[in-house]
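Here's a solo chain for you in structure tokens, the form predicted on its own.
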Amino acid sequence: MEKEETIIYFVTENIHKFNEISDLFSKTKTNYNLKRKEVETVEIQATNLKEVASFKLNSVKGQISGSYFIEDAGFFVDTPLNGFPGVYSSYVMKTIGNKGILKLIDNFDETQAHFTSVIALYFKPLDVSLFFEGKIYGKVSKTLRGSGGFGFDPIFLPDIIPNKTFAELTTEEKNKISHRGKAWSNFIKFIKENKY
């Protein structure tokens, strides 16, 4: 039976997010085992992702006995939508989706967009909450492309691989360059430095 101190829980109902993080975790040697935990979090409407992530993290404190983290991400169309949908990405995906975003854009050549990921960790051995951030910049595709990934992946063309959307990459390819992968690298660095 696993000891509580060797488990880190990823609090999420999103199986796609869990699979991406699980893929990253499987390639990393740590003293911890990753488990998914479905606990209802409270999400606030705030102006930045860190605020949202912090509130969600604290909303489940006391319901989980060990160390745990949540991950919040946003898709920001900087030009021409002034950062929309940003912190409202989940709601916008459920309501107007990718097609709705594309209808708001006229000149796709001039688009600028980015994804941001914030991992909020409650680390029990030190009784601290920590935040790890990752970003990736790119453009918006004129059409939905690819069958992989999830969310806004079919319309995001990363600058580093401008001829493919996130949804046209394998999970491994995406994790090497993505916002979530970058946040994860910072998270893992901390975990490796704090073995308990």
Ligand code: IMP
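Every value quoted in this text rests on a predicted model; they were computed, and no experiment measured them. Position 1 is the first residue in the sequence shown; the rest follow in order.
There is also a form predicted in complex with this ligand; it is not shown, and the following applies to it.
Participant: Which one of these stretches, 127-135, 147-155, 24-32, 61-69, sits within 4.5 Å of this ligand in the predicted bound form when only heavy atoms are counted?
Facilitator: It is the stretch 147-155.
Participant: So in the predicted bound form, does any heavy atom of E43 sit within 4.5 Å of this ligand?
Facilitator: Yes - in the predicted bound form, heavy atoms of E43 and this ligand come within 4.5 Å of each other.
Participant: Is A73 close enough to touch this ligand in the predicted bound form, meaning at least one heavy atom pair within 4.5 Å?
Facilitator: Residue-level check for A73: yes, a contact with this ligand.
Participant: Please check if S90 has a heavy atom lying within 4.5 Å of any heavy atom of this ligand in the predicted bound form.
Facilitator: Taking the distances in the predicted bound form, the answer for S90 is yes, it comes within 4.5 Å of this ligand.
Participant: Could you tell me if R180 has a non-hydrogen atom within 4.5 Å of this ligand in the predicted bound form?
Facilitator: Taking the distances in the predicted bound form, the answer for R180 is yes, it comes within 4.5 Å of this ligand.
Participant: For the stretch 97-111, I need every residue with any heavy atom inside 4.5 Å of this ligand in the predicted bound form, listed N to C.
Facilitator: Heavy-atom contacts to this ligand in the predicted bound form: nothing from 97-111.
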